[in-house]
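For reference, the chain that follows is the form predicted on its own, supplied as structure tokens.
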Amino acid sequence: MQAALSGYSDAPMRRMAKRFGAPFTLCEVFLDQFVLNVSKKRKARFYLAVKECDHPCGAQVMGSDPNEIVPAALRLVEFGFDLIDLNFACPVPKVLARGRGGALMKDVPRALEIAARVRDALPVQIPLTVKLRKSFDDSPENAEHLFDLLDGLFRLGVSAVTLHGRTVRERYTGVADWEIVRRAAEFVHARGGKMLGSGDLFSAETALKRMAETNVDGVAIARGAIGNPWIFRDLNALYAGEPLPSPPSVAEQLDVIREHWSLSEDLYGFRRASTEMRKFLLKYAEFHPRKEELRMAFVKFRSVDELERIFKVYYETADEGKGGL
């Protein structure tokens, strides 16, 4: 599935992932208070609108107070999300300082209270899942919390967990620990649960290898899907025993960029789409034969005409071997 990505997995990104074969997508993580406030405003359409083409899709929510996270989860269901995912993994310092996200990896009683309250409040047909990290830090006392959490969560009726193989303190440094993912998957399966793995999945080959090594039920692809919806196409092909598809040609890249841009502009309008899309364009440029020049061009454009000129120079008149002028 496409994982929740703060600042990235908006509706346009999720729809592109779907088009290339992602069977399930998660929106970017929402703070419970944000959901309760934005759901009363017009701009809810930017964040909470769910179209028929989006299903199945889930919403990830984060908080530390059950009295706020429960109504937020219910509001997300009202907007049409098919699943609620609780974030007990976010490593951002200001989130941790308020007892949210990854801070709950070291507060098992509070984490289980939140999960129990949300599970009890949700309609029975709405699955509840949880995003975890391997532990809060590498200290022995915190390392054991993962298995206490897993045991408690599945006793409460959680449908699945996604485990990222880094500690909260590590954030995104170092290398994800897939051995702990393997051990956790074995633990979860013994309790009749489902588990997905996450961490450093930047190619379909790596994702398939990790699935085979750890016996997880699936993978959640996060940073590896930014500006690369083809990763889902590739993983589906390999999983089905088919050859790895060829990398997208320059012409194919432009078609996908234009489609993603159109979805973003339709939702936000040009000015905001320019801001939201620039980070994706920089990632899409990684596929281009003259990526450094193209990245600089994407950084600098300020108008529709300038963007169209970039498309013409680097995509429409470029040959496959060189690109650009």
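From a predicted model like this one, the values you see are computed outputs, not experimental measurements. All residue numbers are counted from 1 along the displayed sequence.
Missing here is the form predicted together with a small molecule; even so, the following discussion is about that form.
Shown alone here, Gly227 lies farther than 4.5 Å from the small molecule in the predicted complex, counting heavy atoms only. In the predicted complex, at least one heavy atom of His164 sits within 4.5 Å of a heavy atom of the small molecule. Residue contact with the small molecule in the predicted complex: Gly199 places a heavy atom within 4.5 Å of it. None of the heavy atoms of Tyr239 is located within 4.5 Å of the small molecule in the predicted complex. With the small molecule left out of view, the stretch that reaches within 4.5 Å of it through heavy atoms in the predicted complex is, among 120 to 128, 145 to 153, 200 to 208, 241 to 249, 200 to 208.
Proximity to the small molecule in the predicted complex, defined as a heavy atom within 4.5 Å, holds among Met195, Ile114, Met105, Ala222 only for Ala222.
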